[in-house]
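Given as C-alpha cells, the chain that follows is alone and in the form predicted on its own.
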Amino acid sequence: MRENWWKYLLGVWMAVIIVAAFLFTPTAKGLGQTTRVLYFHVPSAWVTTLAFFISAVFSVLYLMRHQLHYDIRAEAAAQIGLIFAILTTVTGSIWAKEIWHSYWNWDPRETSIFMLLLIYAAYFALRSAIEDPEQRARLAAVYSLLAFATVPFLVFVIPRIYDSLHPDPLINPDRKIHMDVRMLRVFLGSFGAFTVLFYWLFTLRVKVLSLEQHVLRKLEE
C-alpha cells in the first residue's frame, strides 16, 4: 500500500488536470473549445519523443553490453512510444476536424507523425520476423538508433520548414511563451502527469516482457 502511494497521487493528479482543462482554463484566441485538446495532444507528443529516446538509449546499452534486459527495456519504451504517437495523431485529428473541417489534411505535422508511425511500425515488424533472441535484439537495436535519428527531423525540423495551418508552437521564434497563466499552469501540470504516467507504464511493460521471456526460456528447456 505504502509503495503505491505515488500511483494514487498520479490518479488524482490526472483527474485534476482533466477537470482544470475543461473548467478552469480559458480558451485560446481563434481556437475556441478545441483549446482543450492542447492539454492532451502536446503531452502525448512529448511522451512519444521521450519514449523513443529512451528506447534508443537502451538500444545503445544493449549493443555495448549484449544483455537482453536492455533489449526488453528498449522494446517496452518503443511500444509505449508507438501508442502515444497514435494518441497524438488521434487528438490532432480531432482538433483538425473542428478547425480545418477534415480529420486529415496532409499538413506537414500530420504527414511527419504519419511517417514516424510507419518507421516504428517497421521496428516491430522486424522484431516479429526474427526468432533468435540475440539476433533479434542486435538488429532491433541498430534499427532503433536509425529510427530515432529521424525523430528530431520529423518532430521539430520538417514541420517548421514548410508552411503549416497548425497553431504556433508554445515557444515561438521570438522566444516568448504565448499562453495565459492559467493555461500554462495546467499545461505544465499535464506535462508532468504524462511523464509520470509514462514511467509507470514503462515499468509495467518491462515486468510483463521480462516474465514472457522467462516463461519462453522455461518452455524451451
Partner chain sequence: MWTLLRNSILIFRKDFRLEFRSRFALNAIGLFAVISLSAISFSIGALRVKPPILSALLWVVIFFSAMSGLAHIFVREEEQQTADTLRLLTQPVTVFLGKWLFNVILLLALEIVIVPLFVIFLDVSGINWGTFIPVIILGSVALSTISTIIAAIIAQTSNRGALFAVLTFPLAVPVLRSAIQGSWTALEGGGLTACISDLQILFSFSVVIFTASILLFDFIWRR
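Numbering follows the first chain given and starts at 1. Keep in mind that what you see is a predicted model, and the values were worked out from it rather than measured.
We do not show the form predicted together with its partner chain, though everything after this point is about it.
Engineer: Out of Leu126, Val90, Ile83, Ile99, which one falls within 4.5 Å of its partner chain in the predicted bound form, going by heavy atoms?
Structural biologist: Of Leu126, Val90, Ile83, Ile99, the residue with a heavy atom within 4.5 Å of its partner chain in the predicted bound form is Leu126.
Engineer: At 4.5 Å between heavy atoms, is Ile72 in contact with its partner chain in the predicted bound form?
Structural biologist: Output for Ile72 is no: heavy atoms all beyond 4.5 Å of its partner chain.
Engineer: Please check if Tyr143 has a heavy atom lying within 4.5 Å of any heavy atom of its partner chain in the predicted bound form.
Structural biologist: The answer is yes: Tyr143 has a heavy atom within 4.5 Å of its partner chain.
Engineer: Wondering, does Leu154 line up within 4.5 Å of its partner chain in the predicted bound form on heavy atoms?
Structural biologist: Because a heavy atom of Leu154 falls inside 4.5 Å of its partner chain in the predicted bound form, the answer is yes.
Engineer: Considering non-hydrogen atoms and a 4.5 Å limit, does its partner chain approach Ile94 in the predicted bound form?
Structural biologist: No, Ile94 is distant from the partner.
Engineer: Going by its partner chain in the predicted bound form, which residues of 123-140 come within 4.5 Å of it through any heavy atom?
Structural biologist: Stretch hits, in order: Ala125, Leu126, Ala129, Ile130, Gln135, Arg138, Leu139.
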